[in-house]
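Take a look at this single chain in structure tokens; it is the form predicted alone.
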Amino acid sequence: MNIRRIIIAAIAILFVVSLKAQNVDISGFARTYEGVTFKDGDFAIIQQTLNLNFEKRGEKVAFKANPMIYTYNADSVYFTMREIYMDLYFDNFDLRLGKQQIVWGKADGVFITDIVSPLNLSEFLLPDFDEIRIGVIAAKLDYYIGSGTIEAILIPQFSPTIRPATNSIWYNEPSFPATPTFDWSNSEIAPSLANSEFFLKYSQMTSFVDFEIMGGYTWDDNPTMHVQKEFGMDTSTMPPKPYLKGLNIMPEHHRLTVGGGSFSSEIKGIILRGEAAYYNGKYFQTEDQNAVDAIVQKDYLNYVIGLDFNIGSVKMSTQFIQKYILDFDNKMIDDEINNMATFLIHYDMLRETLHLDLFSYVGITNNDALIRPKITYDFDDSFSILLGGNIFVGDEDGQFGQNKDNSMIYTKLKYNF
């Protein structure tokens, strides 16, 4: 261990001791996580994680800090501050300031109105969903009106989706008709009031239905790949013919205006859930070979309808998700209508110490799927052992089928404190 790591470790120990002396609540977990691919038997995942939560709550003020330290091999140590914020409590409203994760909507495993916190997709959709979201530096105001709440959010600094690194097994390189070069100069968004993101939501809980209505003026977390084409002339033909000599790709984030809502209601023991959002100003790629910049701007609708119910002691859930692009252009790469479904089965046994789960994404349009069985045994209240699988099947054109070589079995050992 080098001097820098010793100093960091010493500072961390002193920080924990000082917080403990001030009666700060400390909790978290330590986890080891390994995954082996079916195809080659290679270790696709070797990860050790230490997740810490420091919390203290008073009558008027509270704070939380959530640092995470993890390694991907014996030599690499990564640190991230997932959340660090203060809460201020008043008579009719609360104010949260700092880096925070914000969760909206009613859907499971898909993100429709849940767009405030961007996603870390460096490991595709495999991390737990309470870890896949990226904290944003924001000011969040909750104003209470009877049984309703108005939530207003200001994010002064934009954070994009984190994509897999080019050397990752989750990186799927797009195909281009010529060797591209990349110009990232337009991808940065400077922190300013004009570049801030704004979100507003009204939520209410009644005896019959819980619902939310939301709107947002935000940036697209995924950059549009603007393309500049360079043409040359083939003088070996008569007359000379133009040919595509090169591509200069310039990723750029664009503004989106989003409006939508969600609801959930219980009807005779069955929970009905729904969520929808209308996206205005989204840019899509096209296959138009004659266009200088092969993109078009379209609006689209994304929605989900779901059911949660029990059959005996087995808990089940299913969702249907559809994305529909309005005023569709046949030259677009995306499908006009994309249908997907999810299925969840959960069963507890042995006095709720053994948990059986099966969660699946099914790409109806693209004929592919991600099937995720797992079994968890709670050795005691603090220690659990998990054995699971990530099985990708189907057409390589789909987001799941293109990863079928990454199907794996994995295990997690987790200690909570």
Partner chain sequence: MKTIKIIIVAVIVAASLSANAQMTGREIVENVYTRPTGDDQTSIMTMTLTNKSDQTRVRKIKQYSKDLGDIEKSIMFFMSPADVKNTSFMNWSYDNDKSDDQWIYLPALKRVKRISSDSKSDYFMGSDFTYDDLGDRKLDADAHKLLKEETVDNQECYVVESVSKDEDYMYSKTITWIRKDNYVGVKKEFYDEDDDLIKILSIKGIKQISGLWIVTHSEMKSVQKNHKTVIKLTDIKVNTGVSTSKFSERMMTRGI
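Numbering follows the first chain given and starts at 1. Predicted, not measured: the structure shown is a model, and the values here were computed from it.
Beyond what is shown, the protein has a form predicted in complex with its partner chain; the following relates to that form.
Though the partner is left out of this view, Lys323 does not reach within 4.5 Å of its partner chain in the model of the complex, counting heavy atoms only. At a distance threshold of 4.5 angstroms between non-hydrogen atoms, Asp397 is out of contact with its partner chain in the model of the complex. Its partner chain is not shown here, but in the model of the complex it comes within 4.5 Å of a heavy atom of Arg57. Looking at Asp234, you'd find every heavy atom of it more than 4.5 angstroms from its partner chain in the model of the complex.
Checked against its partner chain in the model of the complex, the residues Pro242, Pro239, Gly269, Pro174 give one hit for a heavy atom within 4.5 Å, which is Gly269.
Checked against its partner chain in the model of the complex, the residues Ala107, Ala138, Ala277, Ile115 give one hit for a heavy atom within 4.5 Å, which is Ala107. Site residues Lys64, Asp91 and Met205 are all in contact with its partner chain in the model of the complex, judged by any heavy atom within 4.5 Å. Only one segment in the set 184 to 192, 296 to 304, 261 to 269, 217 to 225 has any non-hydrogen atom within 4.5 angstroms of its partner chain in the model of the complex, and it is 261 to 269. Along 365 to 383, a non-hydrogen atom within 4.5 Å of its partner chain in the model of the complex is carried only by Asp381.
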